[in-house]
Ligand code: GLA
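Take a look at this single chain in structure tokens; it is the form predicted alone.
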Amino acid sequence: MNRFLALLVGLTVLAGLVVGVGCKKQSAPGSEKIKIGFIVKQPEEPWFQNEWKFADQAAQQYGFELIKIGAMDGDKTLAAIDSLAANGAKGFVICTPDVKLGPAIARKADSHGLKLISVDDRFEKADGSPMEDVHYLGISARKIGQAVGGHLYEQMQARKWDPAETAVCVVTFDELETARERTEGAIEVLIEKGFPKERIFRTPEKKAEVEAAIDATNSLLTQHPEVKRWLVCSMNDNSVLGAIRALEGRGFNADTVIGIGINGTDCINEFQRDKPTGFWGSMLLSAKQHGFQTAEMMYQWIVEGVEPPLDTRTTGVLITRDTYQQIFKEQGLAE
């Protein structure tokens, strides 16, 4: 009897070990963190640093692993997608260095079975039309531009500038859809409010950078030495800053220039100068929405099967030298 009991106990313990081993095997996959990639085209830029910052917050909240990669050209972008797949990622968010890479990025994602969300810049087909079948979270570019145009006109009126002595410098970068929408939106509102159409001057820049905008603006100023006061707009802060630098080189200042940028992250040093410059304000875009929300949507798509909308758009808020610190705190960009 004692031998029987000992044998029974032994079998029970053995069965428990077998069950325990079986349970461990079942729980192991669930204990592994979901991996999500976040690829950006200019990792050194404050905007993308903030996107990553807020995507990290989503990773902490939901318990997934965020893999951050900077990819500045097409080869690095496609290699980054291969790397994500090799590391077990289930999907990725990307701001592509070139919107025309869209079809190649989508094919690469499909080949690895990775879910894909495009952020900031929308993918384009070979004919330049948007890839509407790729999930996208971006800026309401025309509305942002319209807000810029509206604020420029309001400031001009507040200062009682004579439109006959004033002109608009629009630094354009029409190669990018979102850039074109922003500048066209600003022009549209200025004309609607009564600004003379013939005094709105477009000047193209070769790159969306400060130096390129300086060159573009200098070319325009040479053609119009008669203008006494300028309103300035473009696709982003840096392009407006470049225009401001060129205008300062011709003797213009905060009393004769009103410039409004877009992004709100590349103009802080300008606001912190001892004296105000012609860079009056910027439309602050929501890096939190673009970083946190896209990462959150990707996680919910992977884990819960909740597919995000194909097209999600965000807007912005005006910041100036006097208001940016408080608004940054409200947006989670400063302590």
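Don't overthink the numbering: it's just position in the shown sequence, from 1. Predicted, not measured: the structure shown is a model, and the values here were computed from it.
Keep in mind the form predicted together with this ligand is missing from the figure; the text below concerns it.
Per the 4.5 Å heavy atom criterion, this ligand in the predicted complex is contacted by stretch 116 to 124, the sole one of 100 to 108, 116 to 124, 188 to 196, 249 to 257. Remark: residue 35 does not count among the residues lining this ligand in the predicted complex, judged by a heavy atom distance of 4.5 Å or less. Although the partner is absent here, residue 183 lies well away from this ligand in the predicted complex, with no heavy atom inside 4.5 Å. This ligand is not drawn, but in the predicted complex it has no heavy atom within 4.5 Å of residue 296.
This ligand is not drawn, but in the predicted complex it has no heavy atom within 4.5 Å of residue 243. A heavy atom within 4.5 Å of this ligand in the predicted complex is found for exactly one of 212, 80, 95, 221: 95.
Among the residues 300, 272, 60, 42, the one placing a heavy atom within 4.5 Å of this ligand in the predicted complex is 42.
Residues are counted as partner-facing when one of their heavy atoms sits within 4.5 Å of this ligand in the predicted complex; in 219 to 238 these are 235, 236, in sequence order.
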